[in-house]
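Just the one chain here, laid out as structure tokens, in the form predicted alone.
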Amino acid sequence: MAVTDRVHGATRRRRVVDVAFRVGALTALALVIAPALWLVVGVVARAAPHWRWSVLTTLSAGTSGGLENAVAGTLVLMTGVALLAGVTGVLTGVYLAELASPRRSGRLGGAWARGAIDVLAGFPSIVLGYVGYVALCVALHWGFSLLAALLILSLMVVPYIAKATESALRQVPTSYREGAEALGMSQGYTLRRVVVRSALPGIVTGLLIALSVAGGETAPLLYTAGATNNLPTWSLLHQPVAYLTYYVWTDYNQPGLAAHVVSNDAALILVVMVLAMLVVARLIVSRSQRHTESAR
């Protein structure tokens, strides 16, 4: 009888712990989702009553007008960051995970590279922007320009991509590499066709985070990209670039209603861009999941 009571007591304790764990997990999930929903609903509620589609096809005129130049400039900046920081960050993550990993003897530089990435990730964005202004815009006489903005934004988000890539590659089972080696595949072919493809969901997630961070930055762009009411050009130097966060930050602090409308519209467009990137990333991840072990 005593043994039966102890068994029932242990079962009840396990059930209580299980219920408490589920409640805690759901509470944590709610704490993450609730602020995101609050922000999205707040932006939509402020922008929707005054929304007009002509804002996408009209140039800005100070604290009024449209946001065509800012939308185009933001897309150009994010595309440039995706190419420049994406390639650099992914290759850095591949080096750290595959070429400088503890599995390979005689490889040096991994610890130094990780330390440099951690230090770079800890720099405030406004400090990077000021360094970019002094070193690129002033010392090299580039002025406010697209190239200066791209370099600083890429430098800021490369650690996110490198860390996400390294983490995703380390989660690929070692049996994948051993099987490819047993079949006579070269290291480069194994990386491209087996390892990187299996780690693609994590890599895409890191790239998405990096693009979201780059698209939402203001301080480094104030120092490097400047501001303009014109559309972006093919000139990389001596030509300021417009971006949405400038109008969100600047026009919201203006007293006029027209400026607040422009600020709300810019915030709504940014939210839509981030959601669009999220959808595209999920499509890529779902398509690549068939190559992972968990999807079999």
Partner chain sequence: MSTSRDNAPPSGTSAPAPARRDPSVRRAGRRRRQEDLAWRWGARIAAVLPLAGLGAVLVVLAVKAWPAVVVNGWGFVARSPWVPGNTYGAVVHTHGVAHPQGSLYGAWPLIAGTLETSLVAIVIAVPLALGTAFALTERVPAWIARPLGFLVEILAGLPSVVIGLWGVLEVGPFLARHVYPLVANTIPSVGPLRFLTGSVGYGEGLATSGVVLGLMIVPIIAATTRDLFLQVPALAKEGAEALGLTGAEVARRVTIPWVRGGIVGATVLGLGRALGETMAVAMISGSVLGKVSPNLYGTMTTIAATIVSQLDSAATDGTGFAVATLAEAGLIVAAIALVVNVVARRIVARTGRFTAPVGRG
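A quick note: this is a predicted structure, and the numbers were derived from the prediction, not measured. Residue numbers count along the first chain shown, from 1. The term rigid core refers to the most C-alpha atoms you can superpose between the two forms while keeping them within 1.5 Å.
Only in words, not in the display: the form predicted together with the partner chain, which the text now covers.
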Review point. What stretch, of 227-235, 50-58, 66-74, 249-257, brings heavy atoms to within 4.5 Å of the partner chain in the model of the complex?
Key: 249-257
Check your understanding: If you check in the model of the complex, is Val261 within 4.5 Å of the partner chain, heavy atoms only?
Key -> no
Check your understanding: Is Tyr189 close to the partner chain in the model of the complex, meaning a heavy atom pair under 4.5 Å apart or at it?
Key -> yes
**Study point:** Glu178 within 4.5 Å of the partner chain in the model of the complex, heavy atoms
**Key:** no
Point to revise | Close approach of Tyr95 to the partner chain in the model of the complex, 4.5 Å, heavy atom | key: yes
**Study point:** Site test, Leu120, Leu222 and Thr245 vs the partner chain in the model of the complex, non-hydrogen atom cutoff 4.5 Å
**Key:** yes
Practice item. Using the arrangement in the model of the complex, list in sequence order the residues of 112-132 with any heavy atom within 4.5 angstroms of the partner chain. Key: Trp112, Ala113, Ala116, Ile117, Asp118, Val119, Leu120, Ala121, Gly122, Phe123, Pro124, Ser125, Ile126, Val127, Leu128, Tyr130, Val131
Exercise for review: Superpose on the rigid core, then tell me if the C-alpha of Ala61 is displaced by 2 angstroms or more between the shown form and the other one.
Suggested key: no
**Study point:** Core-aligned C-alpha movement of Leu39 between the shown form and the other one reaching 2 Å
**Key:** yes
Check your understanding: Aligning on the rigid core, do we see the C-alpha of Thr27 shift 2 angstroms or more between the shown form and the other one?
Key -> yes
